[in-house]
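Only one chain is included here, represented as structure tokens and corresponding to the form predicted on its own.
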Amino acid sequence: MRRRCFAVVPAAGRGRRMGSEIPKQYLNLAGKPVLQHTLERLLAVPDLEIIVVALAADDRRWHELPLARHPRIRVTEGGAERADSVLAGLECLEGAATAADWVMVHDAARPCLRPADAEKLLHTLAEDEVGGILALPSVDTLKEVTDGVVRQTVARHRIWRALTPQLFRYRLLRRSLEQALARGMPVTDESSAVELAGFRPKIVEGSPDNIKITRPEDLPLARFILERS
């Protein structure tokens, strides 16, 4: 049986490391807000039926986006942390998504996602009972450091960098997030919540140009990628 697929985009953050008064998802990137690029990439994935964007309660910029009234996009109020916003997005899908349907969670600040990578994630995990994430194998030598001192070199063949989208079954992801938040556990991405619940997500290799805009120097790099994609 083919399962339906939905998406959640947590976009309630402030992006303080950007050093800007404007939240990073609304910064101008090649003539459009970052979030506009991100949503355009997701809308290019034909299997996604509904995309839920979780916004800050005091967001005043969303309605200026050309995609604000797109029929495949819904909005909901996000929370203080990423996990709160993702959970709000999942709650917004109640009644639309069934327990075994797929939910793809993607960072608002990853505007260079290749739609083909999102489709690859979906097709690779189509029969999986849990789900998985896009990721990249580490190419650098990694050091474990304490108080500025190298303690040991970490075997890099075991280390992957987590990207988004991250794809999980609706009920499994929702319960995993609810349990982690109730226990006060740190949840830095959806996979970490699923791992805390005792499951082992799969890895699907993504593309190095799927960068996350975190610091000012990331904007020109993202512009360079978009101009060539």
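From a predicted model like this one, the values you see are computed outputs, not experimental measurements. In case it trips you up, residue 1 is the first one in the sequence shown, and so on.
Beyond the structure shown, there is the form predicted together with cytidine-5'-monophosphate, which is absent from this document and is the topic of what follows.
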item	value
One stretch from 127-135, 143-151, 105-113, 92-100 that, in the predicted complex, holds residues within 4.5 Å of cytidine-5'-monophosphate by heavy atom	105-113
Heavy atom of each of R169, R171 and S192 within 4.5 Å of cytidine-5'-monophosphate in the predicted complex	no
Touches cytidine-5'-monophosphate in the predicted complex: G13 (any heavy atom, 4.5 Å)	yes
4.5 Å heavy atom contact, E119 to cytidine-5'-monophosphate in the predicted complex	no
A80: touches cytidine-5'-monophosphate in the predicted complex, heavy atom cutoff 4.5 angstroms	yes
Any residue of 191-213 that, in the predicted complex, places a heavy atom within 4.5 Å of cytidine-5'-monophosphate	K212
